[in-house]
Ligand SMILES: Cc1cc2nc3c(=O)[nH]c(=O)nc-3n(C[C@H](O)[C@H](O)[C@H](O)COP(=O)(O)OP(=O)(O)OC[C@H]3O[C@@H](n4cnc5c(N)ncnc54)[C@H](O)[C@@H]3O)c2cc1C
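Shown below, as structure tokens, is a lone chain in the form predicted on its own; questions about how it binds or moves come after it.
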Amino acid sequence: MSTSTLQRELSELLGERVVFDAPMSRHTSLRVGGPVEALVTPADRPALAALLALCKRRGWPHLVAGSGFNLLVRDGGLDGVAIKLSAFRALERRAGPRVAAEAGVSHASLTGLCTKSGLAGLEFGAGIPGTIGGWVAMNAGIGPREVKDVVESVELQVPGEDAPRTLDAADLDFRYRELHGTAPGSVIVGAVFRVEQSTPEAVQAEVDALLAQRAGSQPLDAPSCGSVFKNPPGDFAGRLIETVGLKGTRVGGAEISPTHANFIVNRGGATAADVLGLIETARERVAREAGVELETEVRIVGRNEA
């Protein structure tokens, strides 16, 4: 693609809401990754629709970076456009009861609204980092509870369409840590969740218990991307990695966490190559010694460094 064309047309469309050659290490939770050609923060739905239409017309690749959790960008950086929906933060209680949240709403904000209003059903998301868009896109969850159990509808902006379309959960294909059934290149704009009326005290107690559990079992003292691997059927990726003796293993500034082996943390100065090296080591050792093929949960994108 022509870099000059991309820069000119995105600047004309979005003005100051586009930054070129933006280092993704500043926009991912692991704090690693090379630059993206263009980092865009559309101001509203029409701006997002115009951006996606331009990308489709020009054939420019795009991805939603969100708050950068569950995302690993290689050191060579990204072609095309990375989208942050930080302006999409509307959050409201609706009758039913329901809660409507735009894609840029943080889980902490959603949990806060539910706690204050005494709305139960979404407590399992307490402590899961990131934003609602990413939460829905990866069917986030903990234990037996997942987004698919509580989402009523999802609002999507499809490239080439002027306005978002709303799909009922029954029309989507939620799988373990994945969402299928959307048009190619679609961007999640928001979602509506079913909740139940409870009391602020009861909801707060459940949230506090989950936060305490997370604090005692996950590394919160260093940057990470969350769980690196999906749990294989009937087992846990962290248990398998620990069993083959890889807890605490380091490559450069990256480390398989001594607290939870399914987390890779940045101890300072890590590169994406360091993290990828640990991912491949864990995958190879678990396959050889435990006979299990681990599948990554973290989304790995971008170019290897030349």
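The first residue of the shown sequence is 1; numbering continues from there. Given the structure is predicted, the values throughout are model-derived calculations rather than measurements.
One more form of this protein exists, namely the form predicted together with this ligand; it is left out here, but the text below deals with it.
Remark: of stretches 59-67, 277-285, 238-246, 39-47, the one touching this ligand in the predicted complex is 59-67 (heavy atom within 4.5 Å). At the 4.5 Å threshold, heavy atoms of Glu9 stay clear of this ligand in the predicted complex, well away from it. In the predicted complex, this ligand sits beyond 4.5 Å of every heavy atom of Val195. The closest non-hydrogen atom of Gly118 lies beyond 4.5 Å of this ligand in the predicted complex. Contact between Gln204 and this ligand in the predicted complex is not found at the 4.5 Å heavy atom cutoff. Distance criterion of 4.5 Å from any heavy atom to this ligand in the predicted complex singles out Arg177 from the list Arg89, Lys148, Arg177, Arg93. Just one of Val73, Leu122, Ala103, Ala82 comes within 4.5 Å of this ligand in the predicted complex, counting any heavy atom, and that one is Ala103. Contacts with this ligand in the predicted complex, taken as any heavy atom within 4.5 Å, map within 131-147 to Thr131, Gly133, Gly134, Trp135, Ala137, Met138, Ala140, Gly141, Ile142.
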